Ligand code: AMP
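This document starts with one chain, in the form predicted on its own, laid out as structure tokens.
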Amino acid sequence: MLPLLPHAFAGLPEEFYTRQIWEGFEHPFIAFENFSLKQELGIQDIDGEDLLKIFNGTEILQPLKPLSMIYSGHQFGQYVEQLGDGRGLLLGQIDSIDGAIDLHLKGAGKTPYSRFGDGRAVLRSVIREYVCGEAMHALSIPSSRALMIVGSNEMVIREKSESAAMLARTAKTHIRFGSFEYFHYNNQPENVKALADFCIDQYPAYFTKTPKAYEDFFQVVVERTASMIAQWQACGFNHGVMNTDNMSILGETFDYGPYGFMEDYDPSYVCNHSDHQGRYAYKNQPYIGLWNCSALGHALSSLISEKSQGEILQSYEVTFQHTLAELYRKKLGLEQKQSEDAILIQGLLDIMESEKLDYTNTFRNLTQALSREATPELNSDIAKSWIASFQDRHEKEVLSQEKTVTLMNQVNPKFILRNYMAQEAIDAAEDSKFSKLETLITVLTQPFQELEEYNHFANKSPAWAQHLEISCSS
């Protein structure tokens, strides 16, 4: 039996959501099942076909109180008054060893917030979300994850006719910055307060009831957001659509759309073909994170003074810079903090940019530069000078070279999700062949292992895939 909990969010006033059933498929099938996540949630003994019945709505369980959440948000900097779950439903919560976990169904049909959409997701988009959630989790970056991809023989129209699918998704919360914005801009301060109180009460691992509970709540959200984005930057991840309705209050990465892991290092990298101005470029993500936190602060202005907001927002850059510096230091195999480390890190990034080096592979191969007898791939005069500085810096470390190599290989992945990999898995899946997706998951969930039989996955994208265009289409 699925260990479901009483649905906490459904206990909020009716202004927060719309209760409804969902539209299952006539002929659903399990396209992919996450056995690893089932194990972690303690539901490994529940048969996949039984889960399929639940997710497709064939079997209705009493604790499930499906609802579509209402929220608004700033999309590409412009406030949009009402968004909400246009193709997803919050089904309930699963009881796990880590506490209550949200169970959400994406592609479940029309809701009051679908606007002109059909409420469906397509196989292409749910595969992209599934694989990225697993890749990010394996990189130790907080992320939503999916339990199952539900396939169908139904077709929907996007730029072309595509197979409809649903994604059973888990996350610690589905409450977004935009959830607070909706009530603030609709002049409902009582509901801003009710939502903040709900968060503080429901997520005690993150928030505490103190005399300054709302300031402390905002402080945690700001710091977790800054930390998450520092982790994105360190692994070269570009989210693509950092709208405030896509920002989790618990600092989890979710709502994957036109994301991309940067290949050749380019700070101006834009993964979203629809982002014509480059608002959400890789280099802008830290600033957008702060901008979004500021928007949340404004939405909390009935609870937190402008002065307190400003003071709390100042901690964003401190947390971000500290976290990113620590991550880069580990990527360079440096355990001890030295004043020249920032210059060393920036020097490498400058070389990678000027020589158009692959971000992931360059860091992974840095172990070759530890020995003065080695001949790493960085061959320009500037690069050779940097390597000498890198080796000099390591002489101040106390760990053996062997231990340093081990530690560097534990933080610098050999494998990341390059867009062509997802595309090949999608193309095969659309032809009802899921073995490529299975292989891809095998590789992405072991990003730091050598996995010599899968060495080709560490190569740069083939020529045909170097300019794949990914947009927000779902």
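Given the structure is predicted, the values throughout are model-derived calculations rather than measurements. One rule holds for the numbers: they count along the sequence shown, beginning at 1.
There is another form of the same protein, the form predicted in complex with the ligand; it is not shown, and what comes next is about it.
You can rule out all but one of 85-93, 318-326, 267-275, 285-293: in the predicted complex, only 85-93 has residues with a heavy atom within 4.5 Å of the ligand. Note on contacts: among 340, 350, 216, 118, the single residue with a heavy atom within 4.5 Å of the ligand in the predicted complex is 118.
Checked against the ligand in the predicted complex, the candidates 246, 191, 361, 143 yield a single residue with a heavy atom inside 4.5 Å, and that residue is 246.
Contact check for 233, 414 and 461: none of the three has a heavy atom within 4.5 Å of the ligand in the predicted complex. The ligand in the predicted complex comes within 4.5 Å of a heavy atom belonging to residue 255. Although the partner is absent here, residue 114 lies within 4.5 Å of the ligand in the predicted complex, judged by heavy atoms.
Looking at residue 158, you'd find a heavy atom of it within 4.5 angstroms of the ligand in the predicted complex.
In the predicted complex, the ligand lies within 4.5 Å of some heavy atom of residue 75.
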